[in-house]
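Form predicted alone, single chain, as C-alpha cells, below.
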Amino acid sequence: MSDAQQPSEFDATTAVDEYEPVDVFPSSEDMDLRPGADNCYKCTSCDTSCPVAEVNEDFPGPKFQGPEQWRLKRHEDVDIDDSIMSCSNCMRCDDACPSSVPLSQMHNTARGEYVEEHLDKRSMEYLRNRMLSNYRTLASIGSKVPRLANFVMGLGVTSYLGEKIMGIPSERDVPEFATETFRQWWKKRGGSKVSNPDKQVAYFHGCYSNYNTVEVGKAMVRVFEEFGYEVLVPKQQCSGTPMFANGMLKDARREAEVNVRELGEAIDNGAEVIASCTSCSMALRQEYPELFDIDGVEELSEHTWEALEFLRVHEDIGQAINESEVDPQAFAYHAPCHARNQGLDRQAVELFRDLDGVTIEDVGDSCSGISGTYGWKSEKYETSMKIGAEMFDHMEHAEGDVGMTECPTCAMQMNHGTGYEIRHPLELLERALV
C-alpha cells in the first residue's frame, strides 16, 4: 500500500470533536469586531476601490487598516500604524466589500484609539484637527458677526498664517457665513407653515445648511411643506462626521447623545428624520449604531432618511416633476461617496431627467477627493486634488456648466477644481415645485 493510501493518524472527525477554540484576541466590553475580521478573505476589492490608495502608493489601503490592523493591534507590543490618519473616511470600502466586513467601523475605532493614545495633544496637528472637527463651534462664533468674519477670513494674510501656523492650505477659499443662519430664519418665519400631526418630519439640517448654505435648508422646508408635511426643527448638534474622520470619538459621542435624545423625541411623536446632507444621514444611520451604545440609537437609525430618498418613497414626486417645467439648464451631477454607500447615487439623475428644461449628466463614480476635512489639511491637499482630478475632467467635458451634489464639502471641491456654481438637488426641486 502506498503512502497515499495509508490511513491517516489525524482523523478529521475526531479533530472537529476535540477542537477547543483558542482565545487569540482578548474580548472587548465595547465591541467585538472579530466576526467581521474573520469574514475578510483578502480579495482586495476594498483596496482597489480606495481613492487614497489609488494616488498614494505609500498608503497601505483599507484591508490593512481594517481586518489586518485589527488583528495586529490585539498584541500589546504592536501599536496602531499612523497611516490610519491618511484614511479619508470616504467609506467606499464598505460598499466594495463582498463579505460585509465592517471596514469603516474598524477604521473609525482604530483612528480613535490612535488619536487618544498616540497623537500629541499639544501638537499643532491635533489642535488643527480638533478645530476642523468642531466646525460648528467656530461657525457659531463667526455667524454672530458674519460680515466681519467673512472679511477677515478672506484676507490673504489670514490664508498665509493659516497655512504656516495651522497647516490649512492657502489654496482653499474659506466658505462664507450666511448673514442669517437657517435657525434664525426659521425662528423669524414662525416655524412651519403647515400644521399636520399625521405628516411630520424632523429636519436635521446639520452645520453647513445652518451657517453657510441656508438656501438648502429653506428649500427643504418649502418642498416638504408643498407635499403637506409639517416640518419640525429640533435642537441638534453636529452629526459627528468630521469628528469620526479625525478620530475625535469622545467629541462625536457628546454630539450624538444630544442628537439621539432630541431627534428621538420627535420620532416618538410620529415624525421621520430628514437630512439634506448625505454624510449626516450616513452618520445617523450607520456610524452612530456602529460606534455608540446610546439608548435609542437604533430607532434613530431606522427612522432617518435623506431628503430626496424620502420623497421618492413616500410621495409621487415623479408625477409632480413630470408636470413641472423650469428654465433651461444643464447640470453636471456628482454623487457623493456617502450617497453611494446608502444606495442613493442615481436618485438625482433618475428624478431630474424627466424635468422639462433640465439636462443632467452623471460625471462618473470617482471620489471628489475632499472627504470633509481631509482636503483642508496642507499635507493632504495634493492627494485630495489628485483624487478629484477625474471628477474635474468629467465635469469640464459635461454639457452643463453648473454642478450639483448633495454633499456640502463635495460642492466646495467641485467649485474649487472647476470654478462652476454648485447647486443642491433640493434647490432645483424647489424651483420646479414651489
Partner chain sequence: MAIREDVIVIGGGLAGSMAALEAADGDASVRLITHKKSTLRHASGLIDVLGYLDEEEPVADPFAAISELPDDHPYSIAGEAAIRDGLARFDEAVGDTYLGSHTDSNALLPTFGGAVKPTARYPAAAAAGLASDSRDMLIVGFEELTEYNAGMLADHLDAADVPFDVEGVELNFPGEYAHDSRVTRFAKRLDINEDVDHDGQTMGARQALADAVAPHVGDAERVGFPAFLGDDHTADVRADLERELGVDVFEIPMGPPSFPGMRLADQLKDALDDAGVHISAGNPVINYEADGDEIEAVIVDSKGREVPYHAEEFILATGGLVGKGIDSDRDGTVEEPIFDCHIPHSDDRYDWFDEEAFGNQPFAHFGVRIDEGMRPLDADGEPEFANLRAAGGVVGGTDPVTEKSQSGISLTTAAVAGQRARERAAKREVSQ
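Just so we're clear, the structure is a prediction, and the values are computed from it rather than from any experiment. Residue numbers count along the first chain shown, from 1.
Below: the form predicted in complex with the partner chain, not depicted.
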### Message
Taking the partner chain as it sits in the predicted bound form, is R346 in contact with it (heavy atom to heavy atom, 4.5 Å or less)?
### Response
yes
### Query
Within a 4.5 Å heavy atom cut-off, is F59 in contact with the partner chain in the predicted bound form?
yes
### Query
Is S45 close enough to touch the partner chain in the predicted bound form, meaning at least one heavy atom pair within 4.5 Å?
yes
### Task
Using a 4.5 Å heavy atom cut-off, state whether Q184 contacts the partner chain in the predicted bound form.
no
### Query
Here the chain is shown alone; which of R71, R172, K199, H303 has a heavy atom within 4.5 Å of the partner chain in the predicted bound form?
H303
## Note on the structure
Contact with the partner chain in the predicted bound form, heavy atom within 4.5 Å, among R253, R136, R340, K218 goes to R340
### Message
Within 4.5 angstroms, counting heavy atoms, which one of the listed stretches 147-155, 221-229, 202-210, 350-358 is next to the partner chain in the predicted bound form?
### Response
350-358
### Message
Need the contact residues for 265-285: heavy atom within 4.5 Å of the partner chain in the predicted bound form, sequence order, or none if there are none.
### Response
M282, R285
